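Shown here is one chain on its own, the form predicted on its own, set out as structure tokens.
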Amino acid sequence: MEEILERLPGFVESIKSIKDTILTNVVLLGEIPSPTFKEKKRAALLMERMADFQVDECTTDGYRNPIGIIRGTGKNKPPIFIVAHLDTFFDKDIDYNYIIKKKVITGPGILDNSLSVGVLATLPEIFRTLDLRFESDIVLAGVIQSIGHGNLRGTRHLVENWATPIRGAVCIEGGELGRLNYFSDSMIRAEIHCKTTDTHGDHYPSMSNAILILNKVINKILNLRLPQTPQTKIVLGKIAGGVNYGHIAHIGTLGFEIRSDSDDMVKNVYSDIQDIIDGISHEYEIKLSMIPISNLNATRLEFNHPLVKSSAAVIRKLGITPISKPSESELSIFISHNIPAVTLGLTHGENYYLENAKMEIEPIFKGIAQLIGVIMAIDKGLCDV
């Protein structure tokens, strides 16, 4: 491991030498709209860029995930996966032109997850620049249908249908640099839909207004008692309703997420919220429904797992403090299939989920160097159990 760590500072400077290539790929891929379920154009360009950089094989799996494979020197070594999700939170009808300045790039989806997709496309050229060869095959996978309603379908299909064992995986996200995820909470995301008519006002005037009904639902959810152990929380993250200021809203939607380190607790809280929905629907004769959007089981590596310890050592060597939090991402799918995996962030930034998201350029080179260090550690067998 010491040999790998000693090479990392030199990697940073060498990666800087192809800065223009990296940023070109980030912008080219990032300016292609890629909302969930509509990633086709970005996937096609990613395959084109990987082919331009001469990966040994460029293909898609049965779910249309674009994949580039760099063949390793060892015939019996399982592959190492590097994964970045292609979809962003933004629809096609916004301005995707990125603003490039000396120190930052600004634009929708740049941190989640266009930067990572651009780096993924450039990895073959980065490996050549650093004169690196690996024993394991390196599988570069841009996965589709990850966020929101996508429910990580691309990753699920990729992992469940890969024909051989997988040695390990590194999932990459735009930020934050220092991020080291190696466990995920149990999670259910859902939407509550409310639909009323004017007739609901006959006996309960306020109950013809979907916004007021959802407010009643929110108040009852906030009254639920949640345990500190196992740690559990409900995040009310999204609400919408109505068509204009002067008319009562007859349609409304509330989006929320339940998280816990206990699968059973998430299911119990979801059941409690379903009881709230059923009770209000029955009492006021209102059409309320709850639709699950996505879900994950709690998964984790332990902190003393060789992959986690090696990744932390790489991050610290670059002068960065590792920060670990649960991650509801592609990571959980790999770990749930007994494949060791971590998620790393590549840079610093702000306004993650806004149209004016901003990423810093200079930290990217350390971010890529840490990724290379972790890949090397996995390839050398330092993360095998």
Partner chain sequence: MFNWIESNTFHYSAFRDLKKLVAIKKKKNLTISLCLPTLNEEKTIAKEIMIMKSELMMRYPLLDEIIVVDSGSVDNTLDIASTYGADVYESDNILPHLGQQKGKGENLWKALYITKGDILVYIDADIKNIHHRFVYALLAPLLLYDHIKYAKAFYDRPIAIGKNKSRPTGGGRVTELVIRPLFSLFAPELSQIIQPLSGEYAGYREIFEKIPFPIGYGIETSMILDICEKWSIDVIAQVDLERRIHRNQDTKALGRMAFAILKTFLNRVEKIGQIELKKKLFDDMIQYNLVRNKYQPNITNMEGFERPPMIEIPEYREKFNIT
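Residue numbers count along the first chain shown, from 1. A quick note: this is a predicted structure, and the numbers were derived from the prediction, not measured.
What follows is about the form predicted in complex with its partner chain, which we do not show.
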Heavy atom within 4.5 Å of its partner chain in the model of the complex, from candidates 226, 236, 251, 100, belongs to 100
Counting only non-hydrogen atoms, which stretch in 253 to 261, 236 to 244, 132 to 140, 100 to 108 is within 4.5 Å of its partner chain in the model of the complex? 100 to 108
Taking its partner chain as it sits in the model of the complex, is residue 31 in contact with it (heavy atom to heavy atom, 4.5 Å or less)? yes
Closest heavy atom of residue 14 to its partner chain in the model of the complex, within 4.5 Å or not? no
Distance check, residue 27 to its partner chain in the model of the complex, heavy atom within 4.5 Å: yes
Its partner chain contact in the model of the complex: residue 56, any heavy atom under 4.5 Å: no
Residues of stretch 6 to 29 in contact with its partner chain in the model of the complex (4.5 Å, non-hydrogen atom): 17, 18, 19, 20, 21, 23, 24, 27, 28
